[in-house]
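Below sits a lone chain in structure tokens, taken as the form predicted alone.
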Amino acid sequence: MRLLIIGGSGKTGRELIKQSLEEGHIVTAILRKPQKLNIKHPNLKLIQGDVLDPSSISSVFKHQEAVLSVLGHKKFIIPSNILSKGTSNIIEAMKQGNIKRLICVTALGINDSKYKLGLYYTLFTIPFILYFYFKDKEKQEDMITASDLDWTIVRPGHFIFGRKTESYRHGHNLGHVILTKMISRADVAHFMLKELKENKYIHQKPGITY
């Protein structure tokens, strides 16, 4: 497939690009600083653009078949609206480019998965460190669910570094009120590409953890 990846310079994004190319997809990645990505491949095209500037990204969406977003930013920016504003621009560009399929990563602990990242996140990390970041993620999810796209929102547990195991849990009611469940970035990328093929969770918000 012809895939457009948003947020490809991040840790999860790099893994997603690598696995997409390994599966034979034709990948276009929008990056604010393309020189930061040290992946070279004949099926990879890097485009300089910023999701906060619609004019820099709108033309890139033409002729793509699906959009995979692992958009992120520095978590201590206040006020934090990069995810919601960027996602709004992505949705509009998808409409103009006549693309329906969107797979977007947010996090457990958002909206109806609240408290599912364990006590440490619920009582300390989210309210005192990531409050504005998670509020922005909530707005991001709301925008996606209100759209007429064929969307899937992927909610990972706490990210860890690790290899692709292809052995993880996915679905609804994952996470834990007390314990913090974890998942590797490599397995999140694997699940996104798996969902792209299977379309099991269209208009759903599956969690993914070990």
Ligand SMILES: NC(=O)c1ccc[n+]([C@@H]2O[C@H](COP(=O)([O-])OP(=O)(O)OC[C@H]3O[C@@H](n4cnc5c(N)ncnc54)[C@H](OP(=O)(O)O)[C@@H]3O)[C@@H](O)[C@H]2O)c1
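Residue indices: 1-based, along the sequence shown. Treat the numbers as computed from the prediction; the structure is a model and nothing was measured.
Not on display, but discussed next: the form predicted in complex with the named molecule.
Residue contact check for L52: one or more of its heavy atoms lie within 4.5 Å of the named molecule in the predicted bound form. A residue is said to contact a partner when one of its heavy atoms sits within 4.5 Å of a partner heavy atom; G157 meets this definition for the named molecule in the predicted bound form.
At the 4.5 Å threshold, heavy atoms of R32 reach the named molecule in the predicted bound form. Contact check for Y115: every heavy atom lies farther than 4.5 Å from the named molecule in the predicted bound form.
The partner is not drawn, yet in the predicted bound form one stretch among 38-46, 63-71, 144-152, 171-179 has residues with heavy atoms inside 4.5 Å of the named molecule: 63-71. Using a 4.5 Å cut-off on any heavy atom, the residues of 105-121 that reach the named molecule in the predicted bound form are, in sequence order, V105, T106, A107, Y121.
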